[in-house]
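Single chain ahead, written as structure tokens, the form predicted on its own.
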Amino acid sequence: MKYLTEYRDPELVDKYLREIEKATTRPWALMEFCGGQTHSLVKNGLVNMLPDKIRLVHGPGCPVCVTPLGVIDQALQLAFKKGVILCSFGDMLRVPGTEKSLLQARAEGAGVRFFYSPMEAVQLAKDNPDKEVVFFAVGFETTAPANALSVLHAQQYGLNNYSLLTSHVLVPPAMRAILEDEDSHIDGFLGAGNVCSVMGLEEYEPIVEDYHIPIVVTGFEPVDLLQGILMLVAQLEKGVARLENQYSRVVPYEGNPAARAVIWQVFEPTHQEWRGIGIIPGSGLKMRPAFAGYDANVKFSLAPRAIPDSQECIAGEVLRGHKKPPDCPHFGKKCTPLNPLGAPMVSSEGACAAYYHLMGEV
């Protein structure tokens, strides 16, 4: 209870809001990178409490939201394949592919299941040796250790009927892509504490130095986020750029070396397509050749396909921080969580879904 009391304390929230107001003398555009941060900022009403000079820009930090159409269609292809069980996290099942979602495919009889952990999929493969079990492995660096570990466990059990269909994305290359986008004007980043708890802080130092932009790694509670914003404003007002760690109670500088070791044992960097954004060099993870037997792309000879997004959906502009969800003419009308045009309206961490639920409560 101390944790909840301390980091959601209304008096502390008011204190940091007053300090931000006092410290801010000019307009600043700050991007929170992680969808979890976006969800908390919107859910707790912080986006409307900050001074007018602070403009929050919502980043592409929802892995479900940036999973490309072509990969979702590959998952659908596998789900309808005889003898295959396609497994993934719950949110991923609702993201629309070219024609349907995995949830709709399940209703039509496809072999689709949702789990909370890839280890459940490994157990399913162990219990069903006559079936091919594919785990649709989506996420940032946060989920990569568990997905990699599932492969090592499958190897240890001698399973040859388990594989991963991967769509992993990495934060630092995406930050660089945003900063090099001529239409994006970001003064500072709120770094994702969950990602840094795995990967550590070292890889963000070159971004601060190369672009002279401050990065403050934060948690997800209201006080965490407001303190992080104050730390960014303090740097910007002084004209300095540093990497700071607001979330030190959870994130050590070195991250989790054991988790990183598992990631790099199974995966290696690759160019990755981000839905609504395009290909970002070095921003993804693919299976190493030594684990080709557990790579669904290799096992099922899946050919990569680049499929353009719906012209009706402005998800790409939302994910790049160019527009806010209410700027979309279909927001809350043709596009809702029950009938999403794009992925940001599906995931609980998607900016469109967060705004939709907030506006529904007002």
Partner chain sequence: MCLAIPGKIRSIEQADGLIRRAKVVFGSIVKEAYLDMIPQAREGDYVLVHAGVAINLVNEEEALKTFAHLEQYGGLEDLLPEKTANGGR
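Keep in mind that what you see is a predicted model, and the values were worked out from it rather than measured. Residue numbers count along the first chain shown, from 1.
What follows is about the form predicted in complex with its partner chain, which we do not show.
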{"item": "Listed residue (Asp91, Glu273, Glu244, Glu132) with a non-hydrogen atom within 4.5 angstroms of its partner chain in the predicted complex", "value": "Asp91"}
{"item": "Position in contact with its partner chain when the complex is considered in the predicted complex, options Arg249, Lys100, Arg288, Lys81, heavy atoms within 4.5 Å", "value": "Arg249"}
{"item": "Proximity of Pro68 to its partner chain in the predicted complex, heavy atoms at 4.5 Å", "value": "no"}
{"item": "Heavy atom of Ser117 within 4.5 Å of its partner chain in the predicted complex", "value": "yes"}
{"item": "Interface membership of Ala354, its partner chain in the predicted complex, 4.5 Å heavy atom rule", "value": "no"}
{"item": "Proximity of Phe220 to its partner chain in the predicted complex, heavy atoms at 4.5 Å", "value": "yes"}
{"item": "Contact stretch among 36 to 44, 51 to 59, 290 to 298, 312 to 320 - heavy atom within 4.5 Å of its partner chain in the predicted complex", "value": "36 to 44"}
{"item": "Non-hydrogen atom within 4.5 Å of its partner chain in the predicted complex for each of Asp73, Leu179 and Lys333", "value": "no"}
{"item": "Its partner chain in the predicted complex - contacting residues of 191 to 216, heavy atom within 4.5 Å", "value": "Asn194, Ser197, Val198"}
